[in-house]
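One chain is shown next in structure tokens, namely the form predicted alone.
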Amino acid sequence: MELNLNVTEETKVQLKKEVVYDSLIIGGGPAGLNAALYAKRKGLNVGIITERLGGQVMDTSVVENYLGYESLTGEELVNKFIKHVQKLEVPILKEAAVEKLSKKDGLHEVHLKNGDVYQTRTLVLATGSKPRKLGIPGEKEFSGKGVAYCAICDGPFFEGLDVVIAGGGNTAVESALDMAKIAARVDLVHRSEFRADQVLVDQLKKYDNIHIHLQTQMEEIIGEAMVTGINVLDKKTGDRRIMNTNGIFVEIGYLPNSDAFKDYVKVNDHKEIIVDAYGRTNVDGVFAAGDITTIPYKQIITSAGDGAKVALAVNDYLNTHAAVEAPQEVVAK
């Protein structure tokens, strides 16, 4: 399906190093794009800096749980987001990697790896996260062909089929419980013992179609056009065998894209940026939104909503803080 807008299309306006922005948004996924939309509609001078426009959504084959759209690809949904933002003439700097953040003369500075520096009164950090991978043969080849990383998102496509859940934490067990309601068979495979809360583990016993395989190492994902099974090693006996399945949900956590910010704002043990109910970090004037933060339920729609909330919080912040006087050579527009 061809759309009128391609994600590589240049925006009509460009980000300028000589401008002090009201807010710079780092990240071009649902949270960042919606934050820009709301901030611009509030009359703020805002820009987006992103390494990958669209974020994780670009890797999503089909989206069927975003309100208002019964079914469309991740790329189609991203194109709609970008088209909306570009109509407001928000400058978007693409393929731009942030090296670090700093503060100078009351302004936040964004240092890019190419040496460019941009200044802003407030920051919104919205670079999202990426799923942890198993790192085994066949995982990359069958991604989107039976291998998925979100049972909430893609589970309905496997109704009545056999699935494997990889992982032993709360997310994996919750995914197994959800899939047991619609799948014919659910095999929960984990290389060691459960790390999930006992109350969740106890729930697994209520489903006859859930089969638990602890101390079981996944070694290879196999198939033809689609996944047909996995090669596993029973670490207790040393035996290897093939476990037949139609799909594999890798539920072993996410890695927040916070490395460039972890020395500027406070993060937790999982490298998620710690925020309050308004998306405020521990640094004055710095906010964060979406999957990079401590908010629960990492979904496209929750990230988009989080971006809107944080943009409103940024506007309130700017309304109650005196404007920083820009250096003589800097002209804000």
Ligand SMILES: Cc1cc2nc3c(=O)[nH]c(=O)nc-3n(C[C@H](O)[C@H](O)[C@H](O)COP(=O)(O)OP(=O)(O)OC[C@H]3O[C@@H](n4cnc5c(N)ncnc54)[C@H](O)[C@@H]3O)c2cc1C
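Just so it is clear, the model here is predicted, and its values are computed rather than measured. Start at 1 with the first residue shown and count on from there.
The form predicted together with the ligand exists for this protein as well; it is not shown, and the discussion that follows is about that form.
Asker: To test your reading of this chain, name the stretch in 50 to 58, 278 to 286, 37 to 45, 263 to 271 whose heavy atoms come within 4.5 Å of the ligand in the predicted complex.
Answerer: Answer to the contact question: 50 to 58.
Asker: Determine whether any heavy atom of Ala308 comes within 4.5 Å of a heavy atom of the ligand in the predicted complex, and answer yes or no.
Answerer: Contact check for Ala308: no, nothing within 4.5 Å of the ligand in the predicted complex.
Asker: In the predicted complex, does Ala96 come within 4.5 Å of the ligand, counting heavy atoms only?
Answerer: Ala96: yes, in contact with the ligand in the predicted complex.
Asker: At 4.5 Å between heavy atoms, is Tyr254 in contact with the ligand in the predicted complex?
Answerer: Output for Tyr254 is yes: heavy atoms within 4.5 Å of the ligand.
Asker: Against the ligand in the predicted complex, would Ser129 count as a contact residue? Criterion: heavy atoms within 4.5 Å.
Answerer: Judged by the heavy-atom cut-off of 4.5 Å, Ser129 is in contact with the ligand in the predicted complex.
Asker: Exactly one of Asn79, Gln86, Thr171, Thr245 has a non-hydrogen atom within 4.5 Å of the ligand in the predicted complex; which residue is it?
Answerer: Spelling it out, the residue with a heavy atom inside the cut-off is Thr171.
Asker: Has each of Val19, Pro91 and Asn315 got a heavy atom lying within 4.5 angstroms of the ligand in the predicted complex?
Answerer: Contact check failed for every one of Val19, Pro91 and Asn315.
Asker: If you look in the predicted complex, which residues in 271 to 307 sit within 4.5 Å of the ligand (heavy atoms)?
Answerer: Heavy-atom contacts within 4.5 Å come from Ala289, Gly290, Asp291, Lys298, Gln299, Ile300, Ile301, Ser303.
Asker: Have a look at Asp178 and Val62: in the predicted complex, are their Cα atoms closer together or farther apart than in this form, given the change is 3 Å or more?
Answerer: Distance between the C-alphas of Asp178 and Val62: shorter in the predicted complex, by 3 Å or more.
Asker: Answer with closer or farther for the CA-CA spacing of Asp178 and Asp59 in the predicted complex compared to the shown form; it moves by 3 Å or more.
Answerer: Here the pair is farther apart than in the predicted complex; there, closer.
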